[in-house]
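Next up is one chain by itself, shown in structure tokens, the form predicted alone.
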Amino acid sequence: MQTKLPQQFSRSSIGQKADNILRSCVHCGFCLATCPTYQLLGDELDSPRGRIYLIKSALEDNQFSRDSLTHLDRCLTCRACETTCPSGVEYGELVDIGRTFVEHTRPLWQRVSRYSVRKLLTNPSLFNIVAPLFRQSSIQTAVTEQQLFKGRVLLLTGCVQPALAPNINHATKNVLATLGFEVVETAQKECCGAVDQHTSAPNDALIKIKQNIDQWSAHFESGIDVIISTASGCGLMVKDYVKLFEPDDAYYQKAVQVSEKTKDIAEFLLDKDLSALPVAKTKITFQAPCSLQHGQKLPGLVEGLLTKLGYELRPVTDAHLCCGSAGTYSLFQPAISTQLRTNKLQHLTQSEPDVIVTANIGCQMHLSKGTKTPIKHWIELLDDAL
């Protein structure tokens, strides 16, 4: 794709990055087949290719309307298009750049609502007050005492997960203790920065990210060599930290180290001896979060692990499509989000599973509002069986 970005912008690091991404798009349209919003709405401008044109137009200082902003807002940033794209277009990065560039065109009421939501979600002092009204699960098992010592790991606590579904971190610690790993937890206030980054507040995100890098890097000196995430959205954000710094930035090498040491809990367990974990004969379906299969490029990882452990996994139609949660998307685009959830639950419940499992707190909360079938994080299955 040819570009004509203003000279001053094209010389900046962001401008160069945007230009490279735009030029990598060859208009092939493969992305249309896997875009959830295009499948629902049938509008080219609600597809990755259409949104790329809108972003290109905005960056070239052409007219950008409220309608154009609506099409950008409808994007889930699920990154299914990246999985399909034969040219390797880094669409997720481009859409963040584009949204930040046009944020000033947003009506005041939208800017206020988006600011309020991200401040509420990322501030435990505020969020923990309202979270009990929406709590999805409480701690359900006793604490498992660690018998062996095979190493120490740093567990990303998360900013909303401890308040909405505390059993996820509890179950993770129990499973790791059973396998001989000591767990050190991050503070709830150490938000990964994803909410800020994806709601056009990259400066606020960068403040959090730098603080996290400093805090987490200090743990490496105490024998911790792995950072574990149980929320695939957070894990993806941390793995992408390195993309937010230029090679000559003082934080670049530290960001590389933090990103490389971060693993999803399934990724960490993949090569471990799991013989100490019993299996409950449970019929399950797995909802694969977009941040895990498309963002982190780990499709089939959890499914393979659960099958290896002996769980009965049922196939899911259109498993590659988003459930509609997508971070704050369900709050700002409720109609599309609800329709995607309805479609997803229809496929997840078709085989009448005993429980639906997922790997991201956002997906878990969103799906649980639309079905009576229990929704859990898959790690909770392993703790239940202990």
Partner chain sequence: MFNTQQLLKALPKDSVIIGDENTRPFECDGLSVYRQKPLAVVLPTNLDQVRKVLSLCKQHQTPVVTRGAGTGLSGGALPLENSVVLGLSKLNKIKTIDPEQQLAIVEPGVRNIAISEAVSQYGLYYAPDPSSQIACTIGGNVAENSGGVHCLKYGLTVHNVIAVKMLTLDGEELILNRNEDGLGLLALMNGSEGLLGIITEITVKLTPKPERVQLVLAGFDHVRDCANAVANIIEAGIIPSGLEMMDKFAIEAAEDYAKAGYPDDAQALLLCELDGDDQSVKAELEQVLNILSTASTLKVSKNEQERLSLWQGRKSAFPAVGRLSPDYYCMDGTIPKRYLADVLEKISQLSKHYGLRVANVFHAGDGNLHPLILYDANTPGELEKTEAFGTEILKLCVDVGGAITGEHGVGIEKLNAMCHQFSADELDVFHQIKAVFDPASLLNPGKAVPTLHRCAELGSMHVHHGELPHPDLERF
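Residue numbers count along the first chain shown, from 1. Here the structure is a predicted model, which is why all the values come from computation and not from measurement.
The form predicted in complex with its partner chain exists for this protein as well; it is not shown, and the discussion that follows is about that form.
Enquirer: Where, among 356-364, 49-57, 326-334, 340-348, do residues come within 4.5 Å of its partner chain in the model of the complex by heavy atom distance?
Expert: Answer to the contact question: 49-57.
Enquirer: Each of 213, 215 and 223 within 4.5 Å of its partner chain in the model of the complex, by any heavy atom, yes or no?
Expert: No, the whole trio is out of contact, none within 4.5 Å by any heavy atom.
Enquirer: Would residue 17 count as a contact of its partner chain in the model of the complex, using a 4.5 angstroms cut-off between non-hydrogen atoms?
Expert: No, residue 17 is distant from the partner.
Enquirer: Indicate whether residue 385 is a 4.5 Å heavy atom neighbour of its partner chain in the model of the complex.
Expert: Contact with its partner chain, no.
Enquirer: Would you please decide whether residue 37 lies within 4.5 angstroms of its partner chain in the model of the complex, comparing each non-hydrogen atom pair?
Expert: No, no contact at 4.5 Å.
Enquirer: Does its partner chain come within 4.5 Å of any heavy atom of residue 86 in the model of the complex?
Expert: The answer is yes: residue 86 has a heavy atom within 4.5 Å of its partner chain.
Enquirer: Need the contact residues for 42-68: heavy atom within 4.5 Å of its partner chain in the model of the complex, sequence order, or none if there are none.
Expert: 42, 43, 44, 45, 49, 50, 53, 54, 57, 62, 63, 64, 65, 67, 68, in sequence order.
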